[in-house]
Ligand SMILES: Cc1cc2nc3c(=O)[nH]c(=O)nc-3n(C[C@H](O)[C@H](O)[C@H](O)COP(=O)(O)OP(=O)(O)OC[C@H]3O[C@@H](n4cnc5c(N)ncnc54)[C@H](O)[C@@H]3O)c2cc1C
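Here you get one chain, nothing else, as structure tokens; it is the form predicted alone.
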């Protein structure tokens, strides 16, 4: 039985450990804090199919099918059925990107249909679309269900170093000891590049910090809401995203931008992070009058972006160590977890996921 350590219990680490466990591996999942408390924090994420890279569209279609299978196996709703709405001049390109994929149905929305589905939105009559099988990922439900399934495989401890030993084993040194494994998978968010770099794997990660804010509905209603992407510029910002909390009484809103961070993990300019929050409030006041303008909470998280695209993802593997990096990975968790498990157990990175393939590239 292969002994595998997975470092990091965000959604990707949990998904990887789950896939390895189901394949019969002896898994230890190492996490210093609460599962899902880092880059996976918050109550929701957007599940959407449209991407510039058709290979990524295909992988996301596969991931959606796996999310459905997880719902059956784990007994909990993981992706809401309210769809994903997008507006702006990029809508025709998104619809064209999805046209070859019958399992990702999407269509244009009239202005009336848009406001019926998203009554929070201010008047808008430009291009709009509905990704019918998109929706809000129930992030806490996913984290909690996977954590429960993994049981005693989850070990609360912080990883200081990973090294290859002369006997071929991989040693993981933690705060309370040292263990050896046949394989190690690094899913440690902003720490992945540093851990991997000490083993000769160079990950070109651009580290930053991001904020999203949560607002309450003015009407106090609980009718289901779609997720939302705004690339229109009509309301002063482009690259805006939003997702409902479970129950749809709250809506989380964020801007696509992030503020740079230093390699040591410190935010380079804290004023920039505060400014992002202020811009998000200003956008919500203008574009989403159906929300109360005072934020109820903030979620701050790290961004680990790759140079070839905002949705870029890559897997590195060498001599018993696998590392993954990328941004906007939550929706890909089931399929990416399967790919990382395959890599750990076979030593081969599936073609699309190898970092040289530049999956999710923008060009």
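Remember, it's a predicted structure, so these values are computed and weren't measured experimentally. Residue numbers count along the first chain shown, from 1.
What comes next is about the form predicted in complex with the named molecule, which does not appear here.
Participant: Look up in the predicted complex whether residue 335 has a non-hydrogen atom within 4.5 angstroms of the named molecule, and give yes or no.
Facilitator: The answer is no: residue 335 has no heavy atom within 4.5 Å of the named molecule.
Participant: Can you tell me whether residue 212 touches the named molecule? I mean in the predicted complex, with a 4.5 angstroms heavy atom cut-off.
Facilitator: So residue 212 counts as contacting the named molecule.
Participant: Taking the shortest heavy atom distance, is residue 144 within 4.5 Å of the named molecule in the predicted complex?
Facilitator: Outside the cut-off, so no.
Participant: Hey, in the predicted complex, does residue 187 get a heavy atom within 4.5 angstroms of the named molecule?
Facilitator: Residue 187: contacts the named molecule in the predicted complex.
Participant: Residues in which of 216-224, 80-88, 152-160, 276-284 have heavy atoms within 4.5 Å of the named molecule in the predicted complex?
Facilitator: Looking at the partner contacts, the answer comes out as 152-160.
Participant: Please identify the residue among 191, 140, 117, 179 with any heavy atom within 4.5 Å of the named molecule in the predicted complex.
Facilitator: Answer to the contact question: 191.
Participant: Name the residue from 30, 50, 306, 321 that puts a heavy atom within 4.5 Å of the named molecule in the predicted complex.
Facilitator: The residue from 30, 50, 306, 321 that makes the contact is 30.
Participant: Note that the named molecule is not shown here; using its position in the predicted complex, name the residues of 1-19 with a heavy atom within 4.5 Å of it, in sequence order.
Facilitator: Contacts from 1-19: 7, 8, 9, 10, 11, 12, 13.
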